[in-house]
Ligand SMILES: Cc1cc2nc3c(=O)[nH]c(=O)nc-3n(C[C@H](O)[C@H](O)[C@H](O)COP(=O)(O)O)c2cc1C
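Just one chain follows, in the form predicted on its own, and it is written as structure tokens.
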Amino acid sequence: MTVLVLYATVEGHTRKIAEHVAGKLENAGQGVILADVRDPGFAVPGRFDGVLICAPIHIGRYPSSVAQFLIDWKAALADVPTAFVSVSLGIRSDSAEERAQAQTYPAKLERKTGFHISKVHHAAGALKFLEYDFFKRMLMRQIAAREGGPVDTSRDHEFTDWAALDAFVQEFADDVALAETG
């Protein structure tokens, strides 16, 4: 059994999540192909036993390459277990309203693409202060301060709940194995 793990990333944290997911799937006995959804030349989704996509929310939306991939391959994706990891800082907010808003993005993506995402995990992202330019660093620091988050710009801050992600990946691996035997 082989699973395609695709990701889009803006600052690199979603790639880190996808690499972690790929490692967990390999540990669960799956063969894995890991690829950036924006890179041409990865294998056709219909040739895999499952597909897991990791994508960040930035400025209120997922990268357009993710939406285009879902539009282009929705028929092939409908034939195999498919899962989605939505990465955002909003999901870790102290504000219930902001968390609820972050949880709406997969449904918006579904409406845009016409592809039903049956299994979704919301993962908190990271503040990548060391990678931001001066203006973005100050803006993100202000937002973090308003949210009660970390304001130390001398280092990055990661918020992903790796144990919760691992449990989600195991459920997906079980779905792939069940689909293969069923």
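All of these numbers come straight from a predicted model, not from anything done at the bench. Residue positions are given as counts along the sequence shown, with the first one as 1.
We do not show the form predicted in complex with this ligand, though everything after this point is about it.
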How about residue 12 - does it come within 4.5 Å of this ligand in the model of the complex, if we only consider non-hydrogen atoms? yes
Please run the contact check for residue 89 against this ligand in the model of the complex: heavy atoms, 4.5 angstroms, yes or no? yes
Heavy atom to heavy atom, is residue 136 within 4.5 Å of this ligand in the model of the complex? yes
Answer with yes or no whether residue 58 is in contact with this ligand in the model of the complex, where contact means some heavy atom within 4.5 Å. yes
Consider the chain as shown here, without its partner, and state which of 32, 67, 37, 126 has a heavy atom within 4.5 Å of this ligand in the model of the complex. 126
Which of 112 to 120, 148 to 156, 22 to 30, 50 to 58 lines the interface with this ligand in the model of the complex (heavy atom within 4.5 Å): 50 to 58
Note that this ligand is not shown here; using its position in the model of the complex, name the residues of 132 to 159 with a heavy atom within 4.5 Å of it, in sequence order. 132, 136, 140
